[in-house]
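This document opens with one chain alone, in structure tokens, the form predicted on its own.
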């Protein structure tokens, strides 16, 4: 039989694992593309896309007594022959207080989605919501949620 110490350790480890799992799933985040407004080739050869995004997030659980602010941004991530990871920030926000951490917005991309080259036609990509928690004191930490299954058109429009 195991001693009391082994049993207490197993119970504590199990409880902390369940708590960590619950914390990981408590963020309510949905980012989707409502419309591809236009997809064109610029005069100097780069591809450019304009998207309408629907961003729904509840980041209130990130705020504690030590949280100064949260920086959040949405970026498409895709691969090309030159780079294994390409990221372009489409939208960002600084969330200063817990009361502002639950939001729903519908917006065209705040920043231009341009690929250096003509690699975006028919490209599969992930839409990723990143956030960085900036504490009043201590180490900053970051996390993200990746939403896959997006594809750009095969032709310009």
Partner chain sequence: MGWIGETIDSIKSIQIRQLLTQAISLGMIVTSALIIWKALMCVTGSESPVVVVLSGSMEPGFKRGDILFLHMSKDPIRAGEIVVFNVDGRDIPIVHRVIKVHERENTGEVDVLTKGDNNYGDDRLLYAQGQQWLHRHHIMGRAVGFLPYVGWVTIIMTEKPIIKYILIGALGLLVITSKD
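Numbering follows the first chain given and starts at 1. The structure presented is a predicted model; accordingly, all values stated were derived computationally and were not measured.
Although it is not shown, the form predicted together with its partner chain is what the next lines describe.
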Study note, to complete from the structure: Answer key: of 116, 126, 64, 54, within 4.5 Å of its partner chain in the model of the complex (heavy atoms) is 116
Practice item. Report yes if any heavy atom of residue 12 sits within 4.5 Å of a heavy atom of its partner chain in the model of the complex; otherwise report no. Key: no
Practice item. Consider residue 134 of the chain shown here, and say whether it contacts its partner chain in the model of the complex, taking contact as heavy atoms within 4.5 Å. Key: yes
Exercise for review: Answer for residue 88 alone: is it within 4.5 Å of its partner chain in the model of the complex, judged on heavy atom distances?
Suggested key: yes
Review point. Is there any non-hydrogen atom of residue 140 lying within 4.5 Å of its partner chain in the model of the complex?
Key: yes
